[in-house]
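Given as structure tokens, the chain that follows is alone and in the form predicted alone.
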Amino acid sequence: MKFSFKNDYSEGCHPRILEALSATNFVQQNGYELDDYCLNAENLIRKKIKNPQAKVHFVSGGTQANLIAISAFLRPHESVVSAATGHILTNESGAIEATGHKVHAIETSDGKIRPEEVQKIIDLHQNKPHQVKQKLVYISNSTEVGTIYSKKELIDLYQFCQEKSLYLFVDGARLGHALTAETNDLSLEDFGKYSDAFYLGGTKNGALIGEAIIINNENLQQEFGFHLKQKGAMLAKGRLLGIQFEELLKDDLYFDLAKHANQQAMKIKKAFQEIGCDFLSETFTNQIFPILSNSQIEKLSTNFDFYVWKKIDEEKSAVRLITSWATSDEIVEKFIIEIKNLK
């Protein structure tokens, strides 16, 4: 059976989560996120971001988090600005557009967007009210191509959004991996300061399911629960999400798992570097994009699964390899042996 590097959620969940779910199975609790576990997890998150005024809501997945947050924050005539590689553009089946909100794409080689690029979009839409009004900037950290924002980049973008009356919303499906990357200079606390809202992803980092939406901007907090309920995201057994985040965050297991995934990816990255491979992007997270020949891809595909991400020319393509919290040393060592045999 092949080992898959296609995503970081091939496995179920960390054993401690199963144990916590089992141990609390017969403890009666309130529903709809009013249980003790959700309340404890919410308090943990507020303490870690050092924002006692933040509101926390749990949903089942990343597309649901993006869809509900963005549609809740925007009025019908308002739009979103995103990198062309952004998950809301490439992997969510038009979910944002289906709610009536246009998404403006910015072409970028590293998956990140900058104030001057957002300004160009604004400048092209001055014929109001005949054109939609840009209101929200969507970014991912880490991005869909594995890169991360620096503290300066985040602050510059947030300050720009403040000046232009735009919301800054951060897709944090892989935020744990971004924060534990060896080149990172951001903290979880920074996202409590320099964003209007963001979410902390559990699905890709040891949880069975679940993302925690954190709303910092008090103007966006009002009546958010109605949007959750109306779109079918308010779980009656909200405890299932609260228990997982409480377990992941109470002693920073969440960050330990993300760091492990990054370290495994860096071992594989080094092996590709040693045989002279170029990369589509320079990454220090759990996603790497080596550029391989067609024959190299065919050889590695015998025992391992991964995505052929982007065609470079007739002879070469960039592939995407993703390691997870559960990727073992044994698997990495076997893969590295096969990489060395490509030389």
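Everything numeric in this text was worked out from a predicted model, so none of it was measured. Numbers follow the displayed sequence, beginning with 1.
A second form of this protein, the form predicted together with another copy of the chain, is not displayed here; the remarks below concern that form.
All of E11, L67 and I209 within 4.5 Å of another copy of the chain in the predicted bound form, heavy atom check = Checked in the predicted bound form: all three residues contact another copy of the chain.
Give a yes/no on whether M234 approaches another copy of the chain to within 4.5 Å in the predicted bound form, heavy atoms considered.
-> Within the cut-off, so yes.
S60, heavy atom within 4.5 angstroms of another copy of the chain in the predicted bound form = Taking the distances in the predicted bound form, the answer for S60 is yes, it comes within 4.5 Å of another copy of the chain.
Indicate whether another copy of the chain has at least one heavy atom within 4.5 Å of a heavy atom of T203 in the predicted bound form.
-> The answer is yes: T203 has a heavy atom within 4.5 Å of another copy of the chain.
Looking at the partner-bound form in the predicted bound form, is F279 within 4.5 Å of another copy of the chain by any heavy atom?
-> Taking the distances in the predicted bound form, the answer for F279 is no, it never comes within 4.5 Å of another copy of the chain.
Proximity to another copy of the chain in the predicted bound form, single hit among Q131, T183, Q162, Q119 (heavy atom within 4.5 Å) | Among Q131, T183, Q162, Q119, a heavy atom within 4.5 Å of another copy of the chain in the predicted bound form occurs only for Q131.
The single option of Q230, N217, S187, Q273 touching another copy of the chain in the predicted bound form, heavy atom within 4.5 Å = None of the other options qualify; the answer is Q230.
Exactly one stretch in 175 to 183, 95 to 103, 249 to 257, 147 to 155 has heavy atoms within 4.5 Å of another copy of the chain in the predicted bound form; which is it?
-> Checking each option against the 4.5 Å cut-off leaves 95 to 103.
If we check another copy of the chain in the predicted bound form, which of the residues in 244 to 278 reach within 4.5 angstroms of it by a non-hydrogen atom?
-> The stretch 244 to 278, when checked against another copy of the chain in the predicted bound form, contributes no residue at the 4.5 Å heavy-atom cut-off.
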